[in-house]
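Taking the form predicted alone, here's one chain by itself in structure tokens.
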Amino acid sequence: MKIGYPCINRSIGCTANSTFRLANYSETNLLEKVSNNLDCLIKILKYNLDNNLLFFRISSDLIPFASHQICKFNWQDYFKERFREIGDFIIENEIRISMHPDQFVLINSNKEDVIKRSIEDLKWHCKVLDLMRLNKTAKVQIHVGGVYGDKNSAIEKFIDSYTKLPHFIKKRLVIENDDKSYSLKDCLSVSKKTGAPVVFDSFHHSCLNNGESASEAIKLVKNTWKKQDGIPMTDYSSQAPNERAGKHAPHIDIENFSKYIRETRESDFDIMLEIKDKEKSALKAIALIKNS
């Protein structure tokens, strides 16, 4: 089991998700921000290695405006060696990597231009992982998407769009259950028709489910992951106290996390902690696992 956190480390004094406004776009700004982001990314990975945090989600702001039509610069070639160096570090130290495009990536949209933009966004995410020469265990994670008044049609639209994706995207794409529209059961159904592995989000599952326990859920999603995909990736969080239902907790609830680990101890999976204080909670989770 590898434990990690997404995108930002608040302990090392830099961020790997620096960006700028579209109105200020220039190749100079792009080169400056990407250089900073890649420098900080390797610092985060080294911090994580030192602290046994071997699962990390790379920010979707790593390459600002990478899929926007304004970006004509060939950043892939310009930073090719830098990506290779980072990838070598990841591979050498057996760090699990994922990426998670934002909520506007919807390949089941009822608007073709949205689907087109979504695919362009997926392309550059997958290209980054390919430039690092990471194997198929490095995944790009998305939700099934919207319902648009007809859930069955929306699912069929996702399946249709998925089948048309190029192989270099399909080999990395994984789908995640959400807290409002697509339950674990829905995602398993989509997986059966597409072959896309399912990421189990335990917090979303607590909001929307069909009665499956966490232990049962992990065993169900395990069957969607092939050997080359690696062991299942999962997301963990808990409800923020005194906040709207579905809002992620600012700090890890150790009692809740310990209960989750006990319930699922028969299965092997990696855990992404989607908790606001990032590495601080991840360090507490690692300490709990170590002392269990």
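Throughout, we count residues from 1 along the sequence that is shown. Computed from a prediction, not measured in an experiment: that's the story for all the values here.
One more form of this protein, predicted in complex with the DNA, exists but is not displayed; see below.
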Within a 4.5 Å heavy atom cut-off, is Ser67 in contact with the DNA in the predicted complex?
yes
Look up in the predicted complex whether Lys171 has a non-hydrogen atom within 4.5 angstroms of the DNA, and give yes or no.
no
Can Leu22 be called a contact residue for the DNA in the predicted complex at 4.5 Å between heavy atoms?
yes
Quick one: does Asp102 come within 4.5 Å of the DNA in the predicted complex, counting heavy atoms only?
yes
Given that the DNA is left out here, which of Ala214, Val190, Leu106, Ala138 has a heavy atom within 4.5 Å of it in the predicted complex?
Leu106
Among 158-166, 217-225, 67-75, 82-90, mark the stretch whose residues have heavy atoms within 4.5 Å of the DNA in the predicted complex.
67-75
Site check Ile8, Gly146 and Lys276: each within 4.5 Å of the DNA in the predicted complex by heavy atom:
yes
For the stretch 236-262, return the residues whose heavy atoms include at least one within 4.5 Å of the DNA in the predicted complex, in the order they occur.
Arg244, Gly246, Lys247, His248
